[in-house]
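Before any questions on how it binds or moves, here is one chain, the form predicted alone, in structure tokens.
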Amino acid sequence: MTIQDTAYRSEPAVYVYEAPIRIWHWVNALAITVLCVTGYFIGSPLPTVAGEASDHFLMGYIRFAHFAAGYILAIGFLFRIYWAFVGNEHARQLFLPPLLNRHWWSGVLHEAKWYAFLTKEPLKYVGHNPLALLFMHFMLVWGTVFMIFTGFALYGEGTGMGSWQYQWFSSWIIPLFGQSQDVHTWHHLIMWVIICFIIMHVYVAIREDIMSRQSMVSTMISGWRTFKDNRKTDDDI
């Protein structure tokens, strides 16, 4: 809940993100980058490649990179769920936002005003601020779940009806959407939603590092959050 200014004045740095979380974050970021780039070319293939077609396997390499990154994303996500149970309290935040907490929602409103330049007083948080947590929970966590499930459903078409990918995903997800092309369309659409989220995420992290005078980018490298002045500090809920 809310804490007093003095709570962190004696703590120039607070250890927030454990090493497994930081490794997952950067591996996940790389996997998503590869998935978005290769996914774009799968949806909008190159019109032609110079030379004989038999001499090239360009789209095959692109699809392989997409599938490999997809497996890394899925395995990493399962590990992230596991670490939410065995890690510290900040490891659980991403999966368990306090949606029924009124004080937390007041923090969401304050952060929205802060990002919209409607207030000059930033609050400080040891972990994620409420608005960031809200967006990351719904757009990153549930967006990743959606992409993993629909991705494996599409992948299962190629591996065939006897594969576990087809039995676990394709057999019910494709009929749920209507047909394979509908799954492709939604898979591609949510890719753009995640790209928009990443743009906002990077912008906000850099903006907070500069304007709120608390470490953001370096925290996901070292694990330590530092506070650069004595402004009001708010604890994560």
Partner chain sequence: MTETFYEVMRRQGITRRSFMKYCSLTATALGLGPAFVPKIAHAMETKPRIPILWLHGLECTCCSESFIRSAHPLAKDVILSMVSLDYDDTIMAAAGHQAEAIIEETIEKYNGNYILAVEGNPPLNQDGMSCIIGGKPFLDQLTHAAEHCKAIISWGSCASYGCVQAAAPNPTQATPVHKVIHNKPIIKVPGCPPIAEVMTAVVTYILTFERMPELDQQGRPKMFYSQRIHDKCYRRPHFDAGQFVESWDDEAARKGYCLYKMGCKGPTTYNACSTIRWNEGTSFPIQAGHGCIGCSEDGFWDKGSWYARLTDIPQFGVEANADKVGATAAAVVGTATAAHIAASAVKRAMQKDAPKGDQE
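Just so it is clear, the model here is predicted, and its values are computed rather than measured. Residue numbers count along the first chain shown, from 1.
FYI, the form predicted together with its partner chain isn't displayed, but the following is about it.
Just one of M200, V37, A65, V27 comes within 4.5 Å of its partner chain in the model of the complex, counting any heavy atom, and that one is M200. In the model of the complex, its partner chain sits within 4.5 Å of a heavy atom belonging to F117.
Mapping the unseen interface onto this chain, M191 counts among the residues with a heavy atom inside 4.5 Å of its partner chain in the model of the complex. E89 falls outside the set of residues with a heavy atom inside 4.5 Å of its partner chain in the model of the complex. Taking the partner from the other structure, its partner chain in the model of the complex has no heavy atom within 4.5 Å of any heavy atom of L100. Shown here without its partner chain, the chain has G178, Q179, S180, Q181, D182, H184, T185, H188, L189, M191, W192 in 176-194 lying with a heavy atom within 4.5 Å of that partner in the model of the complex.
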